[in-house]
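There is one chain below, alone, in structure tokens, taken in the form predicted alone.
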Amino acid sequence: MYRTHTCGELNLKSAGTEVTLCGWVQKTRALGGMTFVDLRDRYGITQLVFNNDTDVALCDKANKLGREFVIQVKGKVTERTSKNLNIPTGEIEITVSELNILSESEVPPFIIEDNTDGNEELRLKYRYLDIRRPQLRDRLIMRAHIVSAVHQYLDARNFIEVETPLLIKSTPEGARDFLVPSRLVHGSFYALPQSPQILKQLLMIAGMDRYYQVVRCLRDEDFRGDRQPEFSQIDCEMSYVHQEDIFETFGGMIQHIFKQVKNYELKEIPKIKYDDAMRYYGSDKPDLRFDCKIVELNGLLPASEFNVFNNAIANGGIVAGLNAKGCATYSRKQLDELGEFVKAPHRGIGGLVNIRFNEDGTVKSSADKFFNEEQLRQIGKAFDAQKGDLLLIAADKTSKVRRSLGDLRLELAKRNNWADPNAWSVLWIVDFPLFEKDEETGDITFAHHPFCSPHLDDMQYFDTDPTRVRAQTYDMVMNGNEILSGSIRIHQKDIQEKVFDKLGISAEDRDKKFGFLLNAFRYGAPPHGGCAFGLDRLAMLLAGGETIRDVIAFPKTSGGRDLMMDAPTPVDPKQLAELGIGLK
């Protein structure tokens, strides 16, 4: 055996024991007639001591060790005179009697510590070194613990783990497929699965009853902090269930994960309707670690000649705002910054009206020309405004105002540290729309995917007012991030075809793209539903990361490149010829 113990397990109870350790050299320190070496492995750090008075040659050898050398040492566990109580092994050290260098190392391109001097691009290029850093190492370990807790929970509830194929048929599921050319059938392509959605429905039809899989999914999408071309889902499906069964089962699973991984008792998970989430928080993934709801003022505004408000209401829009508690002292510069924030192209609001309820009892506004103090106080009542509060009000189309104020709410929380970093906000969002109307073309499209079951109570609106139809769709949101999405599925062939008709998918196209699923419905499909947790995002939040790259062993850059393996790269023309492919 190379080692008898790890670098994180020895303590005073081990004193006097002869041990063998292996690991990387973290640092060396020569002090007087002694040399100290910090030896690191996945489990922790143990201090080694070499005494020049007892073995000059051994001490000289230790003095020549470089950072990240891989070594093996043998020696006796002894009590340290100068203890470090910040680490588990800080009360002992190893008095070394034998040192073997297993592998030498060049000077690493950055310091292998949490407070490293390496930028992200450099660390991605040398990711195998980056993973040695305790912070990233611990995040990957936590991710493994999450997966272990998932297996433990679902296995105990009769779920069966089933693997699904990576080479499948290309089907329209809302994102661009990665395509894989067939060498045996030139001109034909497999697709890499965006998710196992159709396959897990087929497993329900096959009678597997309760399925799960920790699965890789691939989508050819633009990159951002919480998106990678390949990502992991905890994919689940159940037969003979209603929405409440899903909430109970997978609400219980997230509570189990919190208990096992964080030793935290997560309370019962509340539900918020999609319409209410958009109305009060401007988002279908609201962060409820802090208050600050959107207040809509239509019908509550005093009469005035302020056309910004009047025109918005006359054109079917809304006037709404936020109460930024305690922010009445914001400077002109800060207010201008918030105005520019909502003017960003993807928000598109013309600006903000502010009303300041000052500590001295006065009320001032950027619209003083149109409202007197009594009218401003009347508006303030809708927000329960108190001394020190700042009201920020926008007026435009309903969707633009809600989206802009939802973003502004988060920006204010960030600036004012409203969200407790040690708190957890976990909730269900329910009753999403089944269909959405494209604002540019007016075309009807599915809000999630075309297999979500409508609420049967809403089928009366299916033909006349389809955007009014609610889907039996649900998301779980954690600290303002969607970590789960799912739905009760359509299991009746006639309803599935009705949805395809509404989406404008012809009989020929549906047979070509989904014929295998529709054929399966002919042979008795049980009512079923399920969900998929975003494992990367869940791990990121529980581990305190900033992007999902922080919890993925070998991620891509924001530009889609693998800097470590230098991919993607051109391939040999012979390979393309074998596939019957020519480059344009």
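Residue positions are given as counts along the sequence shown, with the first one as 1. Just so we're clear, the structure is a prediction, and the values are computed from it rather than from any experiment.
Another form, the form predicted together with aspartic acid, is not on view; read the next lines as being about it.
- Not displayed here, aspartic acid is approached by residue 532 to within 4.5 Å at the level of heavy atoms in the predicted bound form.
- Although the partner is absent here, residue 118 is not a contact residue: none of its heavy atoms lies within 4.5 angstroms of aspartic acid in the predicted bound form.
- Aspartic acid is not shown here, and in the predicted bound form it never comes within 4.5 Å of any heavy atom of residue 213.
- Within 4.5 Å of some heavy atom of aspartic acid in the predicted bound form lies at least one heavy atom of residue 195.
- Partner contacts here mean any heavy atom within 4.5 Å of aspartic acid in the predicted bound form, and among 356-364, 510-518, 195-203, 374-382 they occur only in 195-203.
- The single contact residue among 400, 449, 125, 491, judged by any heavy atom lying within 4.5 Å of aspartic acid in the predicted bound form, is 449.
- The contact residue chosen from 251, 480, 486, 433 relative to aspartic acid in the predicted bound form is 486, the criterion being a non-hydrogen atom within 4.5 angstroms.
- Of the residues in 231-255, those that come within 4.5 Å of aspartic acid in the predicted bound form through at least one heavy atom are, in sequence order, 233, 235.
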